[in-house]
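Encoded as structure tokens, the following chain is the form predicted alone, with no partner shown.
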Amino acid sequence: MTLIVAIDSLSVEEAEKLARSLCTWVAGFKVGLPFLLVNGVRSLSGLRGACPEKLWVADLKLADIGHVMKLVTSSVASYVDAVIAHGFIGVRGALDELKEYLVSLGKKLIVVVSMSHPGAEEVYDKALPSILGVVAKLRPWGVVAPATRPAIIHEARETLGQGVKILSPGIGAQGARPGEALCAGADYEIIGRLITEAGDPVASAEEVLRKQREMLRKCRG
């Protein structure tokens, strides 16, 4: 499965209903800070229970020293499989400590190498070689690279090889089409509003998966 659904602005009840209805269609769910701040960390317990067998990612976008990131992560670690942190903070005293902590808990680290909005080109993309160097040294489970700029995904795959998973946001509301990131080398496409704000989220997810398959047939010949 190649689809991860982003949950940001739903109520707990809406999110649990969504997770149950989509469980057979998706690889997992990414839960953002807006949801956590409104509904509280403990809401993740019931939310995860709605689809326990799939990947659950806490999108905390951590960017701090290792000690602080471990404190933050400790509040959600019981409910999720993976945590997202920024790559620009570097390895020593930061991402190395976070990874070691997550591994000790049997959890995964996902590192942002760039973001899907246009402003990421101003700073983040210019630092891409250095950030990919950080990731190559750290070897986390996965990275986040933007579906809106497939060249970034391609460079990440070329640099990191097949041993690191690539998760790509920016499909739908931000302009990328389902399947484009997969064609560029991503393992998963992260999709939020296109599905969560649809009148029929299941039908929308089915359509996304259909478009992904169609795009992959075209790009892979």
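Please read these numbers as outputs of a predicted model, since none were measured by experiment. Residue indices: 1-based, along the sequence shown.
Here the subject shifts to the form predicted together with a further copy of the same chain, a form of this protein not shown in this document.
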Selected contact from A147, V144, I131, L98, since only one has a non-hydrogen atom within 4.5 angstroms of a further copy of the same chain in the predicted bound form
I131
Using a 4.5 Å heavy atom cut-off, which residue among A136, L105, A127, A151 comes into contact with a further copy of the same chain in the predicted bound form?
A127
Hey, with a further copy of the same chain in the predicted bound form, do A156, C183 and C219 all fall inside the 4.5 Å heavy atom range?
no
4.5 Å heavy atom contact, A94 and a further copy of the same chain in the predicted bound form
yes
Heavy atom of A120 within 4.5 Å of a further copy of the same chain in the predicted bound form
yes
Close approach of R42 to a further copy of the same chain in the predicted bound form, 4.5 Å, heavy atom
yes
How about V38 - does it come within 4.5 Å of a further copy of the same chain in the predicted bound form, if we only consider non-hydrogen atoms?
yes
Which among 159 to 167, 26 to 34, 175 to 183, 47 to 55 is in contact with a further copy of the same chain in the predicted bound form, heavy atoms within 4.5 angstroms?
26 to 34
a further copy of the same chain in the predicted bound form - contacting residues of 81 to 96, heavy atom within 4.5 Å:
H86, G87, F88, I89, G90, V91, R92, G93, A94
